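Just one chain follows, in the form predicted on its own, and it is written as structure tokens.
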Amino acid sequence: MTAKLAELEVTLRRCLKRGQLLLSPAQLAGYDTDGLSYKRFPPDAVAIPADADGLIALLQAADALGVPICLRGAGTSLSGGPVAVQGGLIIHTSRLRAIRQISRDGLWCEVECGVTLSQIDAALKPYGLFYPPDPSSGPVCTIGGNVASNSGGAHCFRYGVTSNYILGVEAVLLDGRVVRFGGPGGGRGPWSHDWKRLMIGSEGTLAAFTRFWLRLLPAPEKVWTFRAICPDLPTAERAIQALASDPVFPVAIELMDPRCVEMVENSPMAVGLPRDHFLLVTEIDGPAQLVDRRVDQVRKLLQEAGALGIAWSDDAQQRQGLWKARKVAGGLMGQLSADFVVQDAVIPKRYLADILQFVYDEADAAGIRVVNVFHAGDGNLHPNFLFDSRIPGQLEAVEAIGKRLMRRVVELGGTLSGEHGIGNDKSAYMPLVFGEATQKLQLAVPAVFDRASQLNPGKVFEGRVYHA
């Protein structure tokens, strides 16, 4: 062990109790990447504080540690966010997982940063409430990571993304000070410092999150799910535009391309779909009398657009079956390919066919397999590039396609991320969206909280690095 690592270990052991510090290569092996698994950055140490006080103690010792510090929840992100690109310390917040309070009358709850989305849903169900943002990794992803990346999910077409539901944030600054931005009081009393929008989407560059106050909604009285087959992309486009512009106002509009459908049908999760068709899944919810009367309208919209094999249900188990192909797609790609990159660009819906064809042409020309499954309602694309980084040239080809794709997205009026964040995967593309003057202004914000860029360096902006 080098003198620097030995000094780091001594300082960490002062802050942590037995069993809260990981140092051996075997212990650190699970922390060198996130869901973007082909990029690996081994940390020097991992700390797992038992509570917020332990987290505060670690940040109070930041100067003495003298290494980069990266906050990490479940590590399910897809942008290279919670990884130690400059080495140093990862602080794993998985033990901060209490649901502290649920206010039925106030329509809010207080939760710690390590609580998963599924745990929040289960706790709210007896109260007749729900928290709308629903990333596909809900059973494992934590609310802290969702807030850090401003993650969304299928139902954000109507309900909105995470930033629409964060009432307040408690965070620990790099010097160990605990601050609260916003809260259930709506910016009144002790919650008067309402800077929470700076924290949401900050990707671990400003502070360490400890807990949140979330805005809740009454659970819908009834839900209808529809699944339809579209023989070609023009049909799928017509159906998406018809649903998005009609007063039925679905809560979700999801699309899988024929390559994705074929992948599902070739797996044990097959549901009996035509392999050469697009699959569209949409959903409506609300008061029972209202949504029951809208079922036929949704069916007609799909039928008039040219969709086939339209099926729908309000039964919970049958609805899960209609969603099944969409829900299993992400997991299957991880099983079928040594490596894969899922991008997260957002485009105006009128350019859907343009961008999909661009993706197919680029990937096919490079000999890279690509599968598209995405949030069609809000134009949030998720092209999945399947490759093997051990094969010479494949990684470089995927990265080149990604750069050309992002340039094309920006040219069409789109942007780099809808919910995955920038991390280190898309930091090189930031100049495509922001000019030099704007980037300087944006970099001035984290400099106020962390002048030396010790918190999560190498993320969002390429030039943001830590110098001890």
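Because the structure is predicted, anything quoted here is derived from the model rather than measured. One-based numbering along the sequence shown.
From this point on, the text means the form predicted together with a small molecule, which you will not see here.
The chain is drawn here without the small molecule; in the predicted bound form, the stretch among 312-320, 346-354, 200-208, 389-397 whose residues come within 4.5 Å of it by any heavy atom is 200-208. Taking the partner from elsewhere, residue 93 is found to have a heavy atom lying within 4.5 Å of the small molecule in the predicted bound form. In the predicted bound form, at least one heavy atom of residue 151 sits within 4.5 Å of a heavy atom of the small molecule. Using a 4.5 angstroms threshold between heavy atoms, residue 225 stays clear of the small molecule in the predicted bound form. Within 4.5 Å of any heavy atom of the small molecule in the predicted bound form lies no heavy atom of residue 371. Listed residues 377, 88, 132, 135 were compared with the small molecule in the predicted bound form; 135 is the one with a heavy atom within 4.5 Å.
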